[in-house]
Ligand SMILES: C[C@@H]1O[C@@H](Oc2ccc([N+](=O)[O-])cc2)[C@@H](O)[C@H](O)[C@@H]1O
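Only one chain is given next, in structure tokens, and it is the form predicted on its own.
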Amino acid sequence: MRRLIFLFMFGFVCFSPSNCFNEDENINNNIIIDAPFENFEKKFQPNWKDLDTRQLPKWYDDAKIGIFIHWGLYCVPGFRSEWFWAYWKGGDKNIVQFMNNTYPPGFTYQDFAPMFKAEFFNASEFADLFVNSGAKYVVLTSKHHEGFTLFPSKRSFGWNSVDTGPHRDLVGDLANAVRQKGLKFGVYHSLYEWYNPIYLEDKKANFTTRHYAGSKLWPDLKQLVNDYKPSVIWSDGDWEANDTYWKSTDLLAWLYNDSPVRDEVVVNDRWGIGTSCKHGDFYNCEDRYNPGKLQNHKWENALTLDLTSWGYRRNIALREVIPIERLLKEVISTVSCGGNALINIGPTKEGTIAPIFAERLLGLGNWLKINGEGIYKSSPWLSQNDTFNDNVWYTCKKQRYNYQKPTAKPTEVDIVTAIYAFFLKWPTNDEGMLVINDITKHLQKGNWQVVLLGNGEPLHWETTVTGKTKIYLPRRERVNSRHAWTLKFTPV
């Protein structure tokens, strides 16, 4: 039987005590759960204290899964990584030997540009793959540290994909294609450029001059925003100078106040020395960041299908491609802890995606078709990784979105409509029984139905005197998912 608990001080009604949680000592009872989105009402000042008060646009937290694309001239040699030029200039022995064995004497990095033809690039086929992967947004490298842009930069004459190589606006082509499929589009942009002479002069002056920031960085970023209206700006290459040199707070204040994407855009945390994991709409903290525990701020795990490189490598081995089981674990644990998963691929110089990468993305997409209910638009639950069975991770669905703190655990004013338990390994006992711990006390508070997503029929379950929950699973050969599975708990 349901009963109403009126919470007059909050102005909410909570249905069923099994949906009203107040068991975490870090919960702030005064938090505003369903405050309106107020970014458009505020004029942000160009300082971190004020910029950090911006609410995260809800679309980003709902999306959970994105595709990252590292594409540039480094895919032409297709060797070592996207840092090929810097390693070569730095005297890396393997790269020097590779160049001596593969290209004629006097060959320069600039000579790769005409060889980057992207003749087989079909933006619609890319978009179809990304949709079928289950991703909700796409982030393309508009410019990596090499300085070569994939759009017709007005400040990169002759060093962009329209003036040479493909003779195409790759940013524009992909932006149009993915938006036609209903996905959000964003751009990665490196603040610095390894060998740009204007930047090197500023660096030589210990960044007391800002000629590069004013004449190259700002114009490029404003062109990207005004021409392509990205929903994500993924900044990088910030670590050599403070944010004052990059004029980061001025840029973000313009982005949030006056740009054509001010209400939708999200940015990461790489805006100068010391800004990582401190400022931005979401945090990256470091490459392949996955802390394995709930974070106080929205974050993102940028990971690669190629375990050693972000850019395409012609000599990649199968053992160096992330297995689907590990990819699913990364996605599940990331979302459970309040993060998004941004999954990177590196296309070839011909403009294709290696079949092994496509296979991994389609495998993820097939899994999400069955289990995505517990991923998309989910919220962290009271527990993330089960304390008894570390192969089990949790998420939940709430009726109200927490604009003030998207990664917060449910409070006593939340109405939790479902709890999801993802398990990465199928039980090996004869009974096909999964044993978990952290949900037991909540199951004991009311009547619950448990189903395996993709199968539908309610499962038999019971709690034990030792505080465990036993869930009796169907025969594995009758189950649709192959690599990871999701239990849905709903109060009845």
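The first residue of the shown sequence is 1; numbering continues from there. Here the structure is a predicted model, which means the values were calculated and not measured.
Below, we refer to the form predicted together with the named molecule, which is not included among the displayed structures.
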**Q.** in the model of the complex, the one of 310, 228, 151, 212 near the named molecule [non-hydrogen atom within 4.5 angstroms]
**A.** 310
Q. Looking at 279, 398, 184, 145, which has any heavy atom no more than 4.5 Å from the named molecule in the model of the complex?
A. 145
Q.
So, residue 285 and the named molecule: in the model of the complex, are they within 4.5 Å at any heavy atom pair?
A. yes
**Q.** Proximity of residue 188 to the named molecule in the model of the complex, heavy atoms at 4.5 Å
**A.** yes
Q) Contact between residue 70 and the named molecule in the model of the complex at 4.5 Å, heavy atoms? A) yes
Q. So in the model of the complex, does residue 270 come within 4.5 Å of the named molecule, heavy atom to heavy atom?
A. yes
(Q) If contact means a heavy atom within 4.5 Å, which one of 199-207, 101-109, 236-244, 125-133 is the stretch that engages the named molecule in the model of the complex? (A) 236-244
